[in-house]
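Given next, in structure tokens, is a single chain: the form predicted alone.
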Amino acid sequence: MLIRIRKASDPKASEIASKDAILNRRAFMQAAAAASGVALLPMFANDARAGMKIENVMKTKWGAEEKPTTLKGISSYNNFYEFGTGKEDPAANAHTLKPEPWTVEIAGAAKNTGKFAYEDVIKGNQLEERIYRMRCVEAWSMVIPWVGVPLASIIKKAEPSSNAKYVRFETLVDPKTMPGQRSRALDWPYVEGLRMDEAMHPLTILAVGIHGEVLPNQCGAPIRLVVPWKYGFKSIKSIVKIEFVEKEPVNTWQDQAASEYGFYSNVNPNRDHPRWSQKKERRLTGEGGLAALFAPSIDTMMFNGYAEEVAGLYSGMDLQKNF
């Protein structure tokens, strides 16, 4: 699969596409995609990317029965401290992020390491739509139709050695484009980690889109992790480094508040946060108004409802200690 970054020298859409295609949320070069037999993903900086469709996405079984949160809802209520600590701050401030060109470093205990254009990292993989439930530690949740590729496929291409027991991730550090990094809200860069078997699990993906469109900046453009059975902060955004390591990495929230946030961070209604219960959640539909204000409280499911798929990863573990 080829993921294409638009350059200034490229012809204008008006020169190669019909007026209807342009008006249809800036539909991207369908004729070119059909002719080449590959999917083309436009990568425009800042809000110029808004509405850019991702072509040739394969629908999957995941979440087919769910009603997704609206794109507006997903992109207007976020945790992304690099753009501010308020839920609305990322949507207001993330227009400064420049998601193209973008480089991802593959490092550590692996054969194929180096710095790669992000589109080369996911090259050769079928883009899939997977509708996942996502649960935030603050007791709100959404249903998000992600577009992405299995992380396992990227790991296999890297060919990690037997010493690679964990995968460590880093977010971009750039205070010029990420104004929240000018504060000391957290120690930068934002870091996350997974055990190798978690990273290789079929549910774990690297996402590049939502609702069939490229990721909005505030949602982690251009590439982010998605681990649906864990609390949302584990799904690190705007990734610039993937590193294979032998020892368990200390993630950002574990470093900042170890008594509140553990390494695993699995959705577990039986393990309360020290300051609030995790037994209930409020599902946000994105419809706004009274629908958001009076969203019903529902029971939180173990492993966010994915216990059948992932419970075996933690067989024999004390999930009160390994939280």
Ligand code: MTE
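Numbering starts at 1 and runs along the sequence shown. The shown structure was predicted, so the numbers you read here are calculated from the model rather than taken from an experiment.
Separately, the form predicted in complex with the ligand exists; it is not shown, and the next lines address it.
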property: Residues 103, 113 and 241 all lining the ligand in the predicted complex, heavy atom within 4.5 Å; result: no
property: Option from 94-102, 224-232, 117-125, 153-161 whose residues, in the predicted complex, bring a heavy atom within 4.5 Å of the ligand; result: 224-232
property: The ligand contact at residue 166 in the predicted complex, heavy atom, 4.5 Å; result: no
property: Heavy atom of residue 147 within 4.5 Å of the ligand in the predicted complex; result: no
property: Touches the ligand in the predicted complex: residue 203 (any heavy atom, 4.5 Å); result: no
property: Non-hydrogen atom contact residue 132 with the ligand in the predicted complex at 4.5 angstroms; result: no
property: Heavy atom within 4.5 Å of the ligand in the predicted complex - the one residue of 199, 143, 236, 71 that qualifies; result: 236
property: Contact set, 243-280 vs the ligand in the predicted complex - heavy atom within 4.5 angstroms; result: 253
